[in-house]
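So this first bit is one chain, no partners, the form predicted on its own, shown in structure tokens.
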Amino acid sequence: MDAAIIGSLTVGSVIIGFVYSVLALGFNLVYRVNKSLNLAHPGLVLLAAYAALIISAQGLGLAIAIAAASLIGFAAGLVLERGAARPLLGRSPVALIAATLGIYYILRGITIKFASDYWSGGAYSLPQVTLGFGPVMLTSADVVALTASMLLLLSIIAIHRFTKLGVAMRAVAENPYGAAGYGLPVRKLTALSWGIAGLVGALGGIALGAEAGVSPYLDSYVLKALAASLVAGLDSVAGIVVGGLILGFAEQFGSYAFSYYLPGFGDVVAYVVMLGVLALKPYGLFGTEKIERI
């Protein structure tokens, strides 16, 4: 393997790794407050990516399309919390997983109806610019996906670590009863976490659409991002960057090394890595290990 191929695979790994991290962040933000998986997340990502594609195709500009899709994602997150998570509060986590799985199919159906002639897919209108760094070439789509993903991740991590809002959200995630005792608005902060998860999913979907094109198969990438979430640990926010990058490198280099002998290996390597990590560390690399008295 020569230096040009290594450089190209490394850059591709970093770009798709950061995109996976953003998509995975939506799972982790919800898990922290509800201790359950939101399986409607892939449907929300799909809806937002198509909304941005359709709005931008009407000549309104990509900036307006991104703003509108972000609002859709944030609003959808709030609706999911109010319509599914809050009524099932105190029930088994399996109940919320099943409910959000049903909502995923509803969101996918809405997207098919809403997208209509656009359902076969398309691409956002981005400047056709190619940047060369030695043997490595970056397209405008690569730059947009990488820059947007990194800025979004840094913003969410900074909010969680260094702002009063982030401290309050962490308190609610770690001990909602204690947080309520200190007068924190637990329900509002929980709903805000779902809204931010929806917003992150929408922007992640647009970054993914810029890199891979908008298509009916975008939700399969989100399921791979769930593997990144499990590798990092479902209750870790900062660790999600490492989880996404691990899968990005495994996918790019694994696909290159084994595609001749195992066609399609690149599509499943994320799950192979996930199973390997969970076999050794059941709570993920950065997840909080739970100790239960029996």
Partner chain sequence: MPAGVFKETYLADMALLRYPIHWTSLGIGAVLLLAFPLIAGNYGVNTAVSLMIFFIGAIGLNIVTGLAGQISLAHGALMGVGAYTAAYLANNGVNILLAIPVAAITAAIVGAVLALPSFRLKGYYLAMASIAVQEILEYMFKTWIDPDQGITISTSSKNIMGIYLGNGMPLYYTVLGIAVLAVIVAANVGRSGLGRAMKAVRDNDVSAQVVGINVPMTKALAFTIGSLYAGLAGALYVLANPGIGYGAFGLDASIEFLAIVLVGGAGRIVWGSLLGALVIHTGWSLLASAFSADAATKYIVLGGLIAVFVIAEPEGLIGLLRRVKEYFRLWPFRY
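Note that the coordinates shown come from a computational prediction; the quantities given were computed from them, not determined experimentally. Numbering follows the first chain given and starts at 1.
The form predicted in complex with the partner chain is left out here; the points below concern that form.
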Practice task
Mind telling me which stretch in 237-245, 50-58, 65-73, 261-269 gets its heavy atoms within 4.5 Å of the partner chain in the predicted bound form?
Solution key: 261-269
Problem - Contact of Val14 with the partner chain in the predicted bound form (heavy atom, 4.5 Å) - result: no
Practice task
Evaluate Leu9 for contact with the partner chain in the predicted bound form, applying a 4.5 angstroms cut-off between non-hydrogen atoms, and reply yes or no.
Solution key: no
Problem - Proximity of Met274 to the partner chain in the predicted bound form, heavy atoms at 4.5 Å - result: yes
Handout entry: Ala210, heavy atom within 4.5 angstroms of the partner chain in the predicted bound form
Key = no
Practice task
Scan Ile157, Val144, Leu78, Ile110 and let me know which has any heavy atom within 4.5 Å of the partner chain in the predicted bound form.
Solution key: Ile110
Fill in the blank from the handout: Partner-free chain; cross-checking the partner chain in the predicted bound form, the single residue of Ala123, Ile97, Ala180, Leu131 with a heavy atom within 4.5 Å is Ile97
Practice task
Counting only non-hydrogen atoms and a 4.5 Å cut-off, give the residues of 210-227 close to the partner chain in the predicted bound form.
Solution key: Leu223, Leu226, Ala227
